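First, one chain by itself: the form predicted on its own, in structure tokens.
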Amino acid sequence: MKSYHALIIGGGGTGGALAHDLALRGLKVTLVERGEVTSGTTGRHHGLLHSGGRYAVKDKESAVECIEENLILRKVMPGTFEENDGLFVAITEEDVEYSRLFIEGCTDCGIPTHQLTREQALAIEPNLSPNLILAVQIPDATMDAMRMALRFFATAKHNGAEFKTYTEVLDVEKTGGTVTGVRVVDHRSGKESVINADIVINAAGPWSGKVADMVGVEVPIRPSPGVMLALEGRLCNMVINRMTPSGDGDIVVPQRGLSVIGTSSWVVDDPDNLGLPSDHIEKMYAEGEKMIPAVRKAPFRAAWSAARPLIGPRGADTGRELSRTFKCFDHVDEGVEGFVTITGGKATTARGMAEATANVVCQKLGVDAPCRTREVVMLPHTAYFTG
């Protein structure tokens, strides 16, 4: 059987998960990343393993994706997650009203819930607001944003995948209407070269629109930055979410000895130029302290922004109205063969995104090999450096 060569553009969690999946299916895999792996959005999110609860009311497709992947990842990445669960907390009567929709939505999506009284919630999270009325427990968990992705990379590397970091794509090579490879520059040596492949997969996250432009195809991507704020001190042990529709500053994520508050949302044209608006930082304090009053006085550690790769029309205003689901684009219907894009989604759904994309890739190449990433336990993140 012919050994096909797949080239992946983008060294984030999605690219790593896809390299892992395709390597298990027997393909030769090369991945190029203009910086170090996880140096884009993957290394900047707040480290939440979603239960799907945040999307259970208005974005059920994303909610189902999250709870399914939540359960798979706990099995194939043992030891990666702090399985601390999460609380959606109701502070006002409006929150209480929303809780009914929330519980109903979670039930529809297969997300387990357990309602707690004010006294029960304060017993396990004493730093919560004294205005708390009720809370609902859901199976959120936390993770090190980069270490989870490195397990994909480590296992893919063990199975023969090759990673070319600090290697930026300058252009996409085409013969007629077929993509045949990419022209790259190695930023360490300054040397340019062409890497040929049987298929090229665009997994560049918020940059996937720029890569698609090189090919002359359309990817409806809206880079949507969000500001996150890290404070010193572990102000909660569970993930604390506000019992409201998705909004600014509606989550506090415990990360080791820190507490991360997020996030805001707006849209940009250039994911390399996000900015860090001061009023967004203040919004994290203002909304975070409504759930945990100690947020306001906790020592500041850092603030940053990261761009979500949301799928949607160019006219979206803030990104809040866009789904967090993902989509795989086979650009053959645009007259281009040999080129596939995977974008959208979340860190939690990277494995599922890779499975869907690998299915498309294998079908296009005529490779009969099933997905194995639902069962194969991955190597530890350290194996990426030592393996």
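Worth saying up front: this structure is predicted, and the values here are computed from it rather than measured. Residue indices: 1-based, along the sequence shown.
Only in words, not in the display: the form predicted in complex with a small molecule, which the text now covers.
- Using a 4.5 angstroms limit between non-hydrogen atoms, R242 is distant from the small molecule in the model of the complex.
- Although the partner is absent here, I201 lies well away from the small molecule in the model of the complex, with no heavy atom inside 4.5 Å.
- Using a 4.5 Å cutoff between non-hydrogen atoms, L22 does not count as a contact of the small molecule in the model of the complex.
- Contact annotation: N359 falls outside 4.5 Å of the small molecule in the model of the complex, judged by heavy atom distances.
- None of 291-299, 204-212, 84-92, 103-111 except one has non-hydrogen atoms within 4.5 angstroms of the small molecule in the model of the complex; the exception is 204-212.
- With the partner removed from view, the residue among A156, L128, M284, A306 that has a non-hydrogen atom within 4.5 Å of the small molecule in the model of the complex turns out to be A306.
- Within 4.5 Å of the small molecule in the model of the complex, a heavy atom is found for not a single one of R54, A135 and G249.
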